[in-house]
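Here we start with a single chain on its own, the form predicted on its own, put down as structure tokens.
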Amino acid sequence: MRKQPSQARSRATVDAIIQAGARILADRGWAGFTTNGVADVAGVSIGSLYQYFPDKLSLVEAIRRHHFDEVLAVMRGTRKGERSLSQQVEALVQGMIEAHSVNADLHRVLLDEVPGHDGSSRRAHDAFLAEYQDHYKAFVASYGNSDGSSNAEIVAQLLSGAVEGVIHSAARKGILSSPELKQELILMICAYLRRPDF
């Protein structure tokens, strides 16, 4: 961002711009995404938009960071309370489905169409990935054997990759709401974590 909003009105303007940008990106894809279109939908002047976002890539990065924050908020929420393994896995899977269902078309465009990260957005992405992976490490550590026979870090990496792959594939195909998909993903994770050597 060109400058950080300091007052409530400025924050509301930035939020409206990000929300409008997310809608346009989801509806029209990267090819139809313009700052003029975003300003129109947000109900602000193009000058107001440029006051905060110097170009459309910086706006897309703000949209991507907002998405990261939504995913992390869901993951933080799954840590609450004492639960059995199956209850915890169900909370994790449901949370990831919800986070990616908020705007599945936006998620698909961010994954498949938007150009890669620049230096500052790479740092934000790396910070997101670090917390994302830490969540899975904590999750695995809470259900693994106390003798440490399994490599919790590798298990966490495999688990996060499996969940992410299934969720992203389902988002692309428009089947995130499938109860069968959810149930099979829960069964797969539980079977993996209940294996004898874990």
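Counting begins at 1, following the sequence as shown. All values reported here derive from a predicted model rather than from experimental measurement.
Beyond what is shown, the protein has a form predicted together with a further copy of the same chain; the following relates to that form.
- Interface residue remark: residue 85 is not counted as part of the site for a further copy of the same chain in the predicted complex, having no heavy atom within 4.5 Å.
- Although the partner is absent here, residue 108 lies within 4.5 Å of a further copy of the same chain in the predicted complex, judged by heavy atoms.
- Taking non-hydrogen atoms only, residue 172 approaches a further copy of the same chain to within 4.5 angstroms in the predicted complex.
- When contacts are judged by a 4.5 Å heavy atom cut-off, residue 162 counts as touching a further copy of the same chain in the predicted complex.
- The putative spot formed by 133, 154 and 188 is fully lined by a further copy of the same chain in the predicted complex; each residue has a non-hydrogen atom within 4.5 angstroms of it.
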